[in-house]
Structure formats: C-alpha cells, structure tokens
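Okay, here we've got a single chain as structure tokens, the form predicted alone, with questions on binding and movement later.
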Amino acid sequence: MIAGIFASSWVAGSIVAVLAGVIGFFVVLRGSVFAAHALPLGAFPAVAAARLWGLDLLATVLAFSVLGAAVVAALSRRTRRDIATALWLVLMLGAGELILSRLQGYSRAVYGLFFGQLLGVTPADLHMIAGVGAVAVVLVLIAFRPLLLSGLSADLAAVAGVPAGLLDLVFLTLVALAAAAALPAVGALLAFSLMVGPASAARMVCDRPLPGLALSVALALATVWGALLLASATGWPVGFFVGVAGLGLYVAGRLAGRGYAPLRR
C-alpha cells in the first residue's frame, strides 16, 4: 500500500516536473514570472469551491486556471500585463477567502492550496494530471517557434507576422495548464518554485534554446525526485526540499553564469 502511494507520488511529481521545466523555460524567457506566481494562486477559489460543493478538484482548478488566463490576456490588451495580473489575483484571493470562510477545516484547505499533497495523490488525480500535462506539451510543440521568437524579440515576432494577442493567450493558457496540473500535487508556491528555479538556472548556463529547455526539465525532475527521497528519509515535508532546491539552483546558476545570456540558434 505504502509502495503504491509512493509510486503514484513519484509519477505525478515527475509529470509536474517535466511540465514545469518546459513551461518555466518560456516563463523566464518572456519575463513573465509574476504571471507564473499569480495564476496558480488565482485558482484559490477553485480549491475552496471544490471542497464546499463537492466538485472534482482537478477539473475545477483547470477551469479556474484557464478562465484566469483568458481574463488576464483580455485585460492586458487595454492595460499593462502586471496590472491585469494583479487585479485578477486580488479578485480571486478575495473570492477564495469568502468561499473558505463557509467551510470547516479552513486551515487545512489553505495548507493544501499553498503546499499541495504530493504524497496523497490518488490514481484518479494521476490520470487527470497526466491528461492535462499531455495537452500542455502538445500545445508547446505546436507553438514552440512563435513562443521562442516572441521571447527573443517582440519586434522580430511582429515582423514575422506572429499574432501577439493570440500568442499571449496561448502562453497564459500554458501557464494555467501547468498550474492546474501542479496545484493539487505540489501547491501554488511550490509550482512557482518549480517553474522558475530550474528554468532560471538553465537560462544562465545555456545560450541555446533546446539545450536550455532540456536542462530546465532535467533540473526540475532532479528537484522533485531528490525532494521525495529526502522527505521519505527524514520525514520532513516535500515542499521544504523543493523550495530549498529552487533557490539553490538559482544561486548556482548565478555563480556558474553571468546572468541571462542572449540565446543563439
């Protein structure tokens, strides 16, 4: 029984790590770290609503995350991205607080939102995480070149005819999908750490897109696998090791490189 739970956690963590490594590479490349932080937290009401009304957690989180991406993309056409993202985040945090105030076990729900329950992943959760992850990876493959070009230079992307508004919506939807897959397993804060720490380190030591993307995924996988092993050996929370690894990878990247180098083909 214990071995089965650990195996489910290992597979779920691996899927989330691959997804975070891939999406995180574009998050760092496009300078959209705030969006990567806000969209997972913006799914706050989804967790509360699922608990209050007995809805499927992952499906509800997915719906709220994609809705958040669409709203932020729409608002960003009329105002700055960071303002639109902040407005959505504050609205969702307020709505989540209102719903959670009607629940018993308030603190437990909040803890699960921020730090996840990787060791409590069920087979049903695993299937949903895998499905969401597969959709996100397919979208990345379809939009890889436009995402890369717009991340390198918005002017070059415009000259090449890349539709900025549509691409922005696609990118935010990818972040939302990554958040939906990661939130129940590792929580909002650790999803952010997985998307930013490994990708930042990879960008600072690689000046080519594909090696940088591969390194981002490898570092995210190493983070999750190491955290699971250390948590099982020490009894400490998985999230502690994920958070420490995220910061450690960033510092290591800074020491090994000299900041984000321009990407070359």
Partner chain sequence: MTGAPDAALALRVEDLSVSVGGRRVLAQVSFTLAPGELCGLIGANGSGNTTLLRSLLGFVAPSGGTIRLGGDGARRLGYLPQKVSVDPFMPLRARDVVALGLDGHRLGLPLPSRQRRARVDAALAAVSAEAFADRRIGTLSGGQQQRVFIAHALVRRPQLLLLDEPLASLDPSSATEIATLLRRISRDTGIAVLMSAHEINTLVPVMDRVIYLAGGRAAAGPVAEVIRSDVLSRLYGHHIDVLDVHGRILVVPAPGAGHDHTHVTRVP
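Residue numbers count along the first chain shown, from 1. Computed from a predicted structure; not experimentally measured.
There is another form of this protein, the form predicted in complex with the partner chain, and it is not shown here; the text below is about that form.
Only one of Ala134, Leu156, Leu166, Ala74 lies close to the partner chain in the model of the complex, with a heavy atom inside 4.5 Å, and it is Leu156.
Only one of Leu221, Leu67, Ala49, Val205 comes within 4.5 Å of the partner chain in the model of the complex through a heavy atom, and that residue is Val205.
Proximity of Leu141 to the partner chain in the model of the complex falls within the 4.5 Å heavy atom cutoff. When contacts are judged by a 4.5 Å heavy atom cut-off, Val162 counts as touching the partner chain in the model of the complex. In the model of the complex, Leu229 stays away from the partner chain, with no heavy atom inside 4.5 Å. Contact annotation for His127: none of its heavy atoms lies within 4.5 Å of the partner chain in the model of the complex. If you take 12-48 and check each residue for a heavy atom within 4.5 Å of the partner chain in the model of the complex, you get Phe25, Leu29, in sequence order.
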